[in-house]
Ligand code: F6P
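Take a look at this one chain, the form predicted alone, written out in structure tokens.
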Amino acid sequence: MSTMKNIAILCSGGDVSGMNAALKRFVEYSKRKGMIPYFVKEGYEGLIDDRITEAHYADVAGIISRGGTIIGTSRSKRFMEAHYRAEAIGNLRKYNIGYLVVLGGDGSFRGMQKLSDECDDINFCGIPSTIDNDIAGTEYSLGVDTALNVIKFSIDSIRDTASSFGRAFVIETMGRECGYLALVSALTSGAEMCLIPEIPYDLKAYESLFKKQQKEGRHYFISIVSESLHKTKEITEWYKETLGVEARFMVLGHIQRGGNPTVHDRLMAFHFVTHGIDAMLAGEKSSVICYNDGGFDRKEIADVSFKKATIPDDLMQLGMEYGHLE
């Protein structure tokens, strides 16, 4: 267990809405526990370059409603090299920091584990923070709910135009290699097609189904496609050539990462940080806080960053109904 009393936090990888809520809770809860909180600016890059500053209540006033992160984030290639990690550890010791919270994804946690393996006097804790919801071992990652609501608003708006013009719209969502965002968005927006890497699809089945629906009066379609398939333009052309429907595609892109954090993400940020700080104070050397079955638990990095995330079975069952409704 660390004998140093100061504590720091950094954001690594892609930003998510809810990070600022986490920073607010971090400052307030650290002080409540008698520690001095520090911000590490621009992630692991900032840790290497000593962009470490003491955090005060004034720094987190009014930030809870803002997307992104006020302390910045980064992806650091330098951090892959041992001598730069040694500099990072030296900077933490310079400020008497014995605890470090890392907001990020599986790559960020692997970096955190490297630091833990290379020093004995600092405790580390990871908080899953990625809109892709593709971290094994946790059902939920910070930022997912806000991203889903941003996507929902976009799809609902596009549906207005699709129905007015009698068009097909193919909407591409983020998610890296995981189809969670696309699947949940398709289900909750009433999309007619959903294509994700986890579920095989048959365009012939969709063709038969959609042609039948066209005869019954359907004149527009909404399709949600996961970015990992690289099929967005192809499906758009499929609508034109196979169904004779005017079609457009929309790549939602990075708007999915930003926006005013939902109530759910603000609360989850508070819970994640609270459990993370408590875990380190209880002597956990290196762990990730996970959310499963309605509660929070601690897991080792190996159970999180070196395994493949899966979509819950109940959602998969619903997703498998696409293209086979009749």
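From 1 onward, residues are counted along the sequence shown. Since we're looking at a predicted model, the values are computed, not measured.
There is another form of this protein, the form predicted together with 6-O-phosphono-beta-D-fructofuranose (F6P), and it is not shown here; the text below is about that form.
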Legend entry - Contact flag, Arg257 vs 6-O-phosphono-beta-D-fructofuranose (F6P) in the predicted complex, heavy atom cut 4.5 Å: yes
Legend entry - Contact flag, Gly175 vs 6-O-phosphono-beta-D-fructofuranose (F6P) in the predicted complex, heavy atom cut 4.5 Å: yes
Inset, instruction - Please run the contact check for Thr130 against 6-O-phosphono-beta-D-fructofuranose (F6P) in the predicted complex: heavy atoms, 4.5 angstroms, yes or no? - result: yes
Legend entry - Close approach of Arg75 to 6-O-phosphono-beta-D-fructofuranose (F6P) in the predicted complex, 4.5 Å, heavy atom: yes
Inset, instruction - Look at the stretches 80 to 88, 249 to 257, 234 to 242, 185 to 193 and give the one with heavy atoms within 4.5 Å of 6-O-phosphono-beta-D-fructofuranose (F6P) in the predicted complex. - result: 249 to 257
Inset, instruction - May I ask you to list the residues of 213 to 250 that have any heavy atom within 4.5 angstroms of 6-O-phosphono-beta-D-fructofuranose (F6P) in the predicted complex, in sequence order? - result: Glu227
